[in-house]
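One chain follows as structure tokens, the form predicted alone.
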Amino acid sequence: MSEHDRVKVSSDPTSSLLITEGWDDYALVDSGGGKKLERFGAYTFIRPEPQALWCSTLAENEWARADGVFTSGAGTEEEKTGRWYFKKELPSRWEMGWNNNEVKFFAAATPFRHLGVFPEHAPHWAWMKKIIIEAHRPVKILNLFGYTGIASLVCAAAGAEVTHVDASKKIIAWARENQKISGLEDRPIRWIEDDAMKFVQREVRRGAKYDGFIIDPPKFGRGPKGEVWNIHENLPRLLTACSALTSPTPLFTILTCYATRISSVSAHYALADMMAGNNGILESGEMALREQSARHLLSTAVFARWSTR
């Protein structure tokens, strides 16, 4: 029996599709022509979207009502910035919520075109929540590249102890504010400002163990001390290190990749290597947003995830 067989990985992975349908505080209003029109809370925004190769459904005057438009600027693909153009003065940040406000968070227009939340992760949030609750035991989760902490808060609300790692001091502060407005300040979350690779390597030396992993690496990034992250060079090393942190009774691992040169098949086998020797089910595929009109699905990233069920 090979290591891959023991995590039930077939030689030809079957692609799955995780679809975010939208909720009260979020909607993919329309997409097409290399752009997407989304609603975050009460505000609508237009951002570049290379995957939207089709024609948009709504008329131009509908798009023209957007509160903000992001235009890409100069820079490499990995570190490209741009500029926001707003039709009216918007608040510097505003509240949003998920799952009947079980978790709340601030949204804000950032220089890197993001708004503090990646809605396509919502199926992962619901999946993790169910697994943690049904475990009926203490659960420790490691969230690497944790960003503004929504996944960490979902896990904590479900009863898990969470270690959240991000290289940005500003983003960690944002995540802490999300914890406060969610009413989860009493939940056990460690907020760690650190380079993900260095933190994991130290945890291995300490003999730490985790029951669940959330790994959402950028294509390119920099640690707090200038450490360079390149997903193609560093992800295999990171997953190998995380393998050493896996508890004897792991529950789940999620890997998402926004790098265009990484396929779901590649993510599938990379995660298979990390979880080799643990009996469970591994699935992989694409993450997508469904338009309000239901005409199109907009693919945003690839994923692989493992669980004991």
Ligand SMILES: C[S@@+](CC[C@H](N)C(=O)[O-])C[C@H]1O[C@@H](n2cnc3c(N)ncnc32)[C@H](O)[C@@H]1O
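For clarity, every value in this text was computed on a predicted model and none was experimentally measured. Residue indices: 1-based, along the sequence shown.
Keep in mind that the form predicted in complex with this ligand is missing from the display, and what follows is about it.
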With a 4.5 Å heavy atom cut-off, would you call D194 a contact of this ligand in the model of the complex? yes
Contact test in the model of the complex: W98 vs this ligand, heavy atoms, 4.5 Å: no
G221 within 4.5 Å of this ligand in the model of the complex, heavy atoms: yes
Flag L235 as yes or no: does it have a non-hydrogen atom within 4.5 angstroms of any non-hydrogen atom of this ligand in the model of the complex? no
Among F145, Y210, W125, F105, just one has a heavy atom within 4.5 Å of this ligand in the model of the complex, namely F145
Using heavy atoms only and a 4.5 Å cut-off, determine which of I150, I131, A167, L115 is in contact with this ligand in the model of the complex. A167
Okay, which stretch from 131-139, 151-159, 222-230, 88-96 lines this ligand in the model of the complex, with non-hydrogen atoms inside 4.5 Å? 222-230
Do heavy atoms from each of I171, D216 and Y258 fall within 4.5 Å of this ligand in the model of the complex? yes
